[in-house]
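In the structure tokens that follow, a single protein chain appears in two forms: structure 1, then structure 2.
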Structure 1
Amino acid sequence: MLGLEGKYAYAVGRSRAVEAKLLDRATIDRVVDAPDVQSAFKILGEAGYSYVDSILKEESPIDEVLNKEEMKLFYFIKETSPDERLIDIFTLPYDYHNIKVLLKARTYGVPPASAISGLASLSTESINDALGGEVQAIPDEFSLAIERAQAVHSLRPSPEIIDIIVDKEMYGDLLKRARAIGIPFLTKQIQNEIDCLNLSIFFRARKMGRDAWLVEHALVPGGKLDSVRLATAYKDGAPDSLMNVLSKTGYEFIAKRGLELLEKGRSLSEIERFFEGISIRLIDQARQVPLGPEPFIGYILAKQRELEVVRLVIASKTAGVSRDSMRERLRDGYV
């Protein structure tokens, strides 16, 4: 029987071949320096981004371009991954996104319109059927998420409750699936995401002045950080409580900086950039592994990061942000 290294040998070969096509720093710089958005799209087209020419005339084609690139990435995972369950890890967030949107739309009587993602594997009809009572229309974990979101929402009816409960269920589902697939790096990556999200919740909720009940329900279990202790530290309110929870976790510097920013009442975007940095370091480590599932997953994550960078550059360019500001924002933000 093949071990993980042997099982993923073909996938690693394929990802090594295609990762040469990832946008390098020089190409990103060319996109940043492009005189206008159309020229930026042309450079992206030269660098391998398809579907660009046909939609150049549209007002805001960036979402369409990136969705199509992500769809291509999903096809790549499907045809390359030796484990067909792996694709679910990457499409699940979109399924849960659509569940959130349709549940909120139905609960509050608003049209979901352009909030629906086309990258999900579940159809909107089946989600709507499930919301209408036909729970067997979608897999159990999704209907359970809906049920739990509705239950908590009935206790405190407000739209963000649906979001936080469905997100929590999503991470539970992701962790369960990652453990079932049996790739430690994948589990580590999801746990890292959970930790970053929990810290983000802690600081953002504090800045927004949200109550402890909401934070307790929003914090996601399953990461390396203890979400219960984090909730207690939030309730406690003292900076030392947070430092105690984060002691020897590697997140101390984020906590320190976050508390400083909170004290000064400044934007927490800097903290989000720290999280990006952590994620990028994890991707880098994975790509340096010679054989196994890590380089394959590392490539997928690097491609997703690249799409985020392209969105950032094009959106900033469309809004007329200066090149220096863009470069400053991208300084440590690219794989």
Structure 2
Amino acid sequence: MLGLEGKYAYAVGRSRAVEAKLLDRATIDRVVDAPDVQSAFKILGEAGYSYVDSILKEESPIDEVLNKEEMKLFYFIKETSPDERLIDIFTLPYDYHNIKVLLKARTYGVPPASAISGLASLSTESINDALGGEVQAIPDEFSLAIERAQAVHSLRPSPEIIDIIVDKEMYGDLLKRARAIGIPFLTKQIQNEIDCLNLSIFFRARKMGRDAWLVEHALVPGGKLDSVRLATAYKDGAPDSLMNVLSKTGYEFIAKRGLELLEKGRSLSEIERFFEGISIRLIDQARQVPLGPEPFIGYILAKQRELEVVRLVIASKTAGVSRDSMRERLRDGYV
């Protein structure tokens, strides 16, 4: 039986062949400096982005064109990965996103159409059927997420609660699937996302003066950090409580810096950039591995981050955000 290195040899070869097409910092800077959205898409077209003509001719919405670019990545995963379960890891967030959108739409009577993602694997019809009581219309893990979100929402009704509980279920599902696939790097990457999310929840909740009940329900288990101890530290409120939870985890610096920023009443954007830096370093390390699943997954994550950056730049340009502000937001945030 082939080990992981042999199993992923073809996928690594394919990803090495296409990773040269990832946008470099110079190209991103050119997109930022473009005078308008159409000029920005011309640069992206020169760099290999498809469907640009439909934007230049004003035939398709911007989101639709960028979604098609991400669908190309999904097709690449499907036709290249030796494990068919891997694609689910990357489409799953869009399924849970649509569950949140449709659950809030049904609960609060708001139209969902503009917020629905076209990148999900579940149809909106099947989700709506499940929300209407036909729980067999979607897999059990999604039905369970809906059930738990509705249960907690009944205790404390708000759209935010729906987001919090569905996101929590999503990360649990992602971690379970990653462990089943059996690639240590993939599990580590998701645990890193959970840790960064939990620390972000902790600091932003402290800055906004949110109550301990909300934080306890928002924190996600499964990362390197103990979410129960983190919730207790939040409730306690003492700086030493947080430092004790993070002792010998590698997050001590960010805890100290986050507490300093809170004490001074300053923005937590520095903390978010730190989290982005952790993710970028993990992706870079994966791409440097010569054989195995790491460089294949590293390429996928790098391409997804590239698409996030492009979406941010195009959205900012559409909203009239200054180039300097865009550069500040992107500083240290690109592979």
Partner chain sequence: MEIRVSATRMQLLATRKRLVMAERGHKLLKDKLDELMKHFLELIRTEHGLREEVEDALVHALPGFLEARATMSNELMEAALLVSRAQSKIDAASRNIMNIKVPELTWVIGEVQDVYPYGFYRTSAALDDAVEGLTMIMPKLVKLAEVEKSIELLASELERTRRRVNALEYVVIPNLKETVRYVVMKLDEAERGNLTRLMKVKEIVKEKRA
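As the structure is a prediction and not an experimental result, all values here were calculated from the model. Only the largest set of C-alpha atoms that superpose within 1.5 Å between the two forms is called the rigid core. Along the sequence of structure 1, residues get numbers from 1 upward.
J.: Just to confirm, one of these is the form predicted on its own and one is not; which one is it?
T.: Of the two forms shown, it is structure 2 that corresponds to the form predicted on its own, while structure 1 does not.
J.: Would Arg85 and Arg179 land in one rigid part between structures 1 and 2?
T.: The answer is yes; they move as one rigid part.
J.: Which rotation angle in degrees describes the motion of the smaller rigid part relative to the larger between structures 1 and 2?
T.: Rotation between the two rigid parts between structures 1 and 2 amounts to 8 degrees.
J.: Core overlaid, Ala34 C-alpha shift between structures 1 and 2, how many Å?
T.: Rounded to one decimal, the shift is 2.8 Å.
J.: Once the rigid core is matched, what's the CA displacement of Gly320 between structures 1 and 2 in angstrom?
T.: Taking the core as reference, the C-alpha of Gly320 is shifted 4.2 Å.
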